[in-house]
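Next up is one chain by itself, shown in structure tokens, the form predicted alone.
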């Protein structure tokens, strides 16, 4: 389907001609003619703004899957929450309480939780509302472990290359600095982590997580990395409210970026790119208080 195809369906009997749909439409798809809304544009973002704002429920957007607002682990109140309609203190507490979890219990994550997390993820904004996300779930500890071994093997091979002084310095001389930078910043810590995984069975990559969600994008995404991280943010916060711990695994993303054969081993199509890998599981850690953050650079102009 053309991602900008107009799939709006208007009910002329219900339409009151209020024009609210025109005001919120980012694509100028609609017009008021003879007192009712009609489709006059050739493109639509299928964002659902018109559908959500219509006071008489006269608009449907067929591209929108109603199942995406039906959840298995909780019930969603489908009445729109108005601006200022939720206590900022409650939201701030969830945001500030979320922490990267690196100690997980052995309990498996139920598939329904994973499915609901993905549904919540896609409510994130995306460039031109492309919604071109892809989600690949590893839903067992064995699958996570097998994937972890693949990532470990990648970094062990990378470390072997980085150990070659003349090789990495030669690359740097011709303007390829990545391997030398990796050696200076990551080699030692990665070697230690890989040694512990290899010799002591300590999972320093996924920290004992029993599930994993990889967020990717198809070629039609206009802002793929940004879209993926916004979706990941929803998962990180939602998982906390579900009693799950989460941790972004950047090393897995970098390995998959450098060696595209890794994603083929887990049946992810070549046309997709993975931008975020999230470890999930039931946390085996408890905190007593919110600790805050480092102070960022802030500018007001």
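Residue numbers count along the first chain shown, from 1. Values in this document were obtained by computation on a predicted structure and should not be read as measured data.
There is another form of the same protein, the form predicted together with a small molecule; it is not shown, and what comes next is about it.
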item	value
Segment assignment from 64 to 72, 40 to 48, 249 to 257, 264 to 272: heavy atom within 4.5 Å of the small molecule in the model of the complex	249 to 257
4.5 Å heavy atom contact, residue 293 to the small molecule in the model of the complex	yes
Partner contact for residue 172 in the model of the complex: the small molecule, 4.5 angstroms, heavy atom	no
Contact label in the model of the complex: residue 191 to the small molecule, heavy atom within 4.5 Å	no
The small molecule contact in the model of the complex: residue 119, any heavy atom under 4.5 Å	no
Sole residue of 99, 105, 225, 196 within 4.5 Å of the small molecule in the model of the complex, by heavy atom	99
Heavy atom within 4.5 Å of the small molecule in the model of the complex - residue from 113, 141, 207, 152	207
